[in-house]
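In the structure tokens that follow, the same protein chain appears in two forms, which are kept apart as structure 1 and structure 2.
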Structure 1
């Protein structure tokens, strides 16, 4: 019961913040809305029993990636955006894509949702660790290469070579 109430509250917050993100004209407000989206997503994960993922969502997304966003807005001195007329790409591709997603969701929901009980699996750090470091070892090691590439990419993008 309480579970459902909490889910509805956080889901509404999440969707409202996402809509606010699009509606706001100042980039810093949009960035802050995105932080709220990340936070409420973390709470939704928490409700699903994924406590580790919820914490990571906060630390990485709300705490690290969004810091970069806010930094960029501060550094570039990004001001208010002007509302553009709706672009043609959005109408040609966006509207059909939304329709497809809605149709797919409606189809899946009409077939009846799954019956997995909540709280069967608690996604604590130990459970995640056992999966990650025993069963999914290769994906884990590949992440390090990904980080390496990202580091190099950041440096290359941020500074031009001295000529």
Structure 2
């Protein structure tokens, strides 16, 4: 019972921080909200019995990746977002897309799919490492190259503004 209550609390914190991430007008505040999302996800992983995944979530995502995000935001010297009129494309494509996603989630949850008991997750660091560095090596390397390209692009954009 206590696990369920804690799971609901951390899930609500995660969703609230994600909504706050979208509602913020300053990029640094959004990045801080994303750190809260990453932390609450790590706590959810702990409740599900995936200690290694929780540790990786904190060390890699909430730590290293968010440092890169904040560094890039500060490098670009991004100020507060200016509000503009609503985009017609966002309304035409966004509202139906959200409706489809909500309907799909409601259908999946109503069927009872996705329920797992504690301890159902098997696999330790050895199995995760084997999957990451052997079976999924290409997506792992492509992700690292994309992050490197994004950082280089931020540096180029920041230098153009100085001239």
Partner chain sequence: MPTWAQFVLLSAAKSVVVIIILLTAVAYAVWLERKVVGRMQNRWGPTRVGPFGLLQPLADGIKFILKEDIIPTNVYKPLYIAAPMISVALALMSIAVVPFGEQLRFGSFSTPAQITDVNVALLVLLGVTSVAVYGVALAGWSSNSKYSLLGSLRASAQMVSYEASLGLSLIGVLLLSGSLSLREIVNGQSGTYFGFLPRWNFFPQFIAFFVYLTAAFAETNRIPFDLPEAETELVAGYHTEYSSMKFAMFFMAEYTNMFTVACVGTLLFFGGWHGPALTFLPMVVQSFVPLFWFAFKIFLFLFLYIWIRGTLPRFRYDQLMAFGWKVLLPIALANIVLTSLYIGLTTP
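Positions refer to the first chain, counted from 1. Basically, rigid core = biggest C-alpha set you can superpose within 1.5 Å across the two forms. Every value quoted in this text rests on a predicted model; they were computed, and no experiment measured them.
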{"property": "Structure that is the form predicted in complex with the partner chain (1 or 2)", "result": "1"}
{"property": "Displaced residue check between structures 1 and 2: residue 63, CA, 2 Å or over, core reference", "result": "no"}
{"property": "Post core alignment: residue 49 C-alpha displaced by 2 Å or more between structures 1 and 2", "result": "no"}
{"property": "Residue 24 C-alpha relocation of at least 2 Å between structures 1 and 2, rigid core basis", "result": "no"}
{"property": "For residue 131, CA displacement between structures 1 and 2 after the core is overlaid, in Å", "result": "7.0"}
